[in-house]
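A single chain, nothing else alongside it, follows as structure tokens in the form predicted on its own.
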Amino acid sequence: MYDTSDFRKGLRVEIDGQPFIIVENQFVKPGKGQAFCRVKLKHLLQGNVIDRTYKSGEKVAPADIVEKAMQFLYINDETYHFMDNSDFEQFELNKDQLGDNWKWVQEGMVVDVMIYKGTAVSITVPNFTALEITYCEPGVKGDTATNATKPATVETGAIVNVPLFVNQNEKIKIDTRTGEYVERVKA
């Protein structure tokens, strides 16, 4: 059981038999009365966010979630297919379950898949990935007085702001947590 002192962002808990992840936690110590925690929880199956208040010292059950490293195989319509390389078990997730992570998943990539009671719930991608730019406008010469950027479409279909000197068909390193350009990848 987790105590309110254990609450932190990313902690997975089970409330009323449903899995949630803590998105935001705020500890409040009023001048008068008992301390409490204001918590925002995201439902792992449905994706909706709820607000709850817990008195200091209350307990919450941990969610029965297993994380497995799996390889991304392919996309079929809006369904993403992943395989566990140890026992070749396959799981399917739709684009909604992936959240913004769909932007960074490429064929053959190994990701962590969260499994709740035998059902794949969501994924965690590596912090950095290298993707090829499939389309971007050429940079305008002389337009470099400031840190100017331009939109570029990468091989997964995501749009990333890149510096003007980056060109089409180049590989770039992207921080998947923020979706920002990091650097060009040397061939």
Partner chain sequence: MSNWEPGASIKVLHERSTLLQKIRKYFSDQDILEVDTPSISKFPTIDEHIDSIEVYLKSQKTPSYLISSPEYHMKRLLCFGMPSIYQICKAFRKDELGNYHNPEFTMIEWYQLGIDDYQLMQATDKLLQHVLNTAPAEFITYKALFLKYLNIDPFNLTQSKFLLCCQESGLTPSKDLMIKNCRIEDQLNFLMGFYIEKKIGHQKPVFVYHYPANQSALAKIDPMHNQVSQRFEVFYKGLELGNGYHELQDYQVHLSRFESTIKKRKDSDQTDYQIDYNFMDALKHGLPHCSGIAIGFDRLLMIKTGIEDIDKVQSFSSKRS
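All figures in this text were calculated on a predicted structure; none of them were measured in a lab. Residue numbers count along the first chain shown, from 1.
A second form of this protein, the form predicted in complex with its partner chain, is not displayed here; the remarks below concern that form.
Problem - Contact test, all of 29, 34 and 58, partner its partner chain in the model of the complex, heavy atom 4.5 Å - result: Verified in the model of the complex; spot residues all in contact, yes.
Problem - Interface residue in the model of the complex among 161, 134, 53, 46, criterion: non-hydrogen atom within 4.5 angstroms of its partner chain - result: Of the candidates 161, 134, 53, 46, 53 is the one lying within 4.5 Å of its partner chain in the model of the complex.
Practice task
Name the stretch, out of 36 to 44, 117 to 125, 66 to 74, 153 to 161, where some heavy atom lies within 4.5 Å of its partner chain in the model of the complex.
Solution key: Single hit among the candidates: 36 to 44.
Problem - Residues within 4.5 Å of its partner chain in the model of the complex, restricted to 1 to 15 and counted by heavy atom - result: Sequence-ordered list has one entry, 5.
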